[in-house]
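One chain follows as structure tokens, the form predicted alone.
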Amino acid sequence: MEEERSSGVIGRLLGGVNRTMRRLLFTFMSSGPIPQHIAFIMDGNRRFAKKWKLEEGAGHKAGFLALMSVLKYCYEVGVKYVTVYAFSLDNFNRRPDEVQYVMDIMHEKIEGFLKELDMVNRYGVRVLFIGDLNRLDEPVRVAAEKAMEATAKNTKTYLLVCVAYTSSHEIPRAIYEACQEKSGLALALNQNGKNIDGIVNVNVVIKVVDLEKHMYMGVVPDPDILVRSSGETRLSNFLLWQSTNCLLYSPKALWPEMGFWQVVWGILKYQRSYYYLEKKKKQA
């Protein structure tokens, strides 16, 4: 009993020291530019489970714990928007049993996130699910809608979860919706007899801002850093439109191994490249 009490005191003491050191480091880092938006491709859950000879699904459970830690560190250092790539539209091409397995895990993790009310309320997290949500199983879609509704009044920080998403779906969809919007405007002007001669040249010009307005990711600024764990450098059809002028960072850690130091090094790399990236954004 005495040993348990002592170990508990030591654990709380070490936890307090870690939090203090973390705050000091983040305060020092805040003297430089802090990214507003970091996006993550969460790669390596299965390889982590295989590496440690864990049962099926254990890698995803460890990955969820890593996500909670990464979110905490990002929000503590001052990052406002965090986006994670949870499920690609291309994943629907897998075997039906594999798709159902991932859907079940996703449903479990959304429900699990809603139970993390301490973190959600402490950092004022608003959750947004991004993508073709109609492709999701009904229980997953309902859970996603429930999470968005439960956090709708939070505005301090944001978590965007990309599900049933690919850039090759997002971009043509945005073009189609922009064309529909402009053609409707042209038809209305034509019926009213206004600017008939100049309507095509003046009123039906589709600009970049028109496309971006209809992008799934148009609700937040473009990412400053795009991180893919496990050392992979492929973007896998993720944020291709939005990542033109952002830093690409590929730590070797598998996703469940991601944590404090990966977040710190990513931000330090961003600070080192900040003026170059800003110059490229202005040129664009």
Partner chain sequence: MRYNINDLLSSILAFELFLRSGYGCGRGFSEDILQDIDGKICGQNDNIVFILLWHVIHLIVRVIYLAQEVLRAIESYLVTNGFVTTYQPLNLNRVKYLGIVIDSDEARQISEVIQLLDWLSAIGVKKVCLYDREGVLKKSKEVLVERFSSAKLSNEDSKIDPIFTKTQMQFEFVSISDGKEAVAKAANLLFNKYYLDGDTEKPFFTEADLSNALKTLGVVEPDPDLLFIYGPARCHLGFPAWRIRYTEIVHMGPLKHKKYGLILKAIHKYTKVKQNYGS
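Keep in mind the model is a prediction, meaning the values are calculated, not measured. Residue numbers count along the first chain shown, from 1.
Unshown form predicted together with its partner chain; subsequent notes refer to it.
- The shortest heavy atom separation between Pro33 and its partner chain in the predicted complex is within 4.5 Å.
- Its partner chain in the predicted complex is approached by Pro172, whose closest heavy atom lies within 4.5 angstroms of it.
- When contacts are judged by a 4.5 Å heavy atom cut-off, Lys51 does not count as touching its partner chain in the predicted complex.
- For the chain shown alone, Arg46 is a contact residue for its partner chain in the predicted complex, at least one non-hydrogen atom being within 4.5 angstroms.
- For the options Ile38, Ala66, Leu247, Met217, the one in contact with its partner chain in the predicted complex, meaning a heavy atom within 4.5 Å, is Leu247.
- Comment: its partner chain is not present in this chain, but in the predicted complex one of Glu116, Glu212, Glu108, Asp137 has a heavy atom within 4.5 Å of it, namely Glu212.
- Only one of 74-82, 137-145, 156-164, 88-96 places residue heavy atoms within 4.5 angstroms of its partner chain in the predicted complex, namely 88-96.
- Scanning 250-268 for heavy atoms within 4.5 Å of its partner chain in the predicted complex gives Ser250, Trp265, Leu268 in sequence order.
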